[in-house]
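A single chain, nothing else alongside it, follows as structure tokens in the form predicted on its own.
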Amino acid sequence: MRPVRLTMAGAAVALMLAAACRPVEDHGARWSKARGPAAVKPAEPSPATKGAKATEVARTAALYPVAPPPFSDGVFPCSECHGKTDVVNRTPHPVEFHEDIVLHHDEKNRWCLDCHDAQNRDKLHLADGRLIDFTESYRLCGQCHGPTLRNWKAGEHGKRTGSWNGAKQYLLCANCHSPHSPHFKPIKPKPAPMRQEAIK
């Protein structure tokens, strides 16, 4: 009787391992009877989930009060020129009126609409499609520059103003780096100081 029990237990373990090792992307969620596209379709968040996310966003904003984004004169709000019902050409192409912007930021793989939302131009969007304000742009940057975002939050990168034990303000990434060309440009060196014997 004992060998039969051991065989049945082994078979059960083998079935569980096979289910656990099944690729999720091929067969939907593990341990679910649902199959096909419906199995991988994300569920609509409940009002409680939406409320929790709003609370999390507010908590993050309170933790990291930021300086105003450094908009160029006359470019914000973007909705003054871009309407929500505009037909958007999503293919990368030169953009009239913004020809002064030269993208040197992984430009072979990225384009304006990878960060700017196509429908709501006064917002940015994360990789998962969530809209964020320009004051939260550090979240967008942190998607690719995670260690730098961690250091920024800890005060090891970037600049804060204010009191160490009171109100303080974090400068956004865009306050120091151009989001379209973030590397610092070479600075022309100042002339060497005059030698003392040349001073009369």
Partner chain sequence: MRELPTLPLPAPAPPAEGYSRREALVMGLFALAAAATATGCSAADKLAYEEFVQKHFKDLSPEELKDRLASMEKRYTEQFGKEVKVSATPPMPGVLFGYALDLSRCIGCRRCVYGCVEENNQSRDPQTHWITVLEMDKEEGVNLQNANAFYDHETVPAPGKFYMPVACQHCENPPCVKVCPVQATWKEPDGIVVIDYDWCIGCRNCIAACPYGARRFNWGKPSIPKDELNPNTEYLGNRPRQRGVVEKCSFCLQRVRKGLYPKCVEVCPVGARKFGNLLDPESEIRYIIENKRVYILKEELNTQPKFFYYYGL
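Positions refer to the first chain, counted from 1. Note that the structure is predicted; figures quoted are calculated from it, not measured.
Although not depicted, the form predicted in complex with the partner chain is the subject of the following passage.
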Is Pro69 part of the interface with the partner chain in the model of the complex - any heavy atom within 4.5 Å? no
Is there a non-hydrogen atom of Gly142 within 4.5 angstroms of a non-hydrogen atom of the partner chain in the model of the complex?
-> no
Is there a heavy atom of Gly162 no more than 4.5 Å from a heavy atom of the partner chain in the model of the complex? yes
Checklist entry - Is Ala154 close to the partner chain in the model of the complex, meaning a heavy atom pair under 4.5 Å apart or at it? => result yes
Of the residues spanning 172-196, the ones with some heavy atom within 4.5 Å of the partner chain in the model of the complex are Cys176, Phe184, Pro186, Ile187, Lys188, Pro189, Lys190, Pro191, Ala192, Pro193, Met194, Arg195
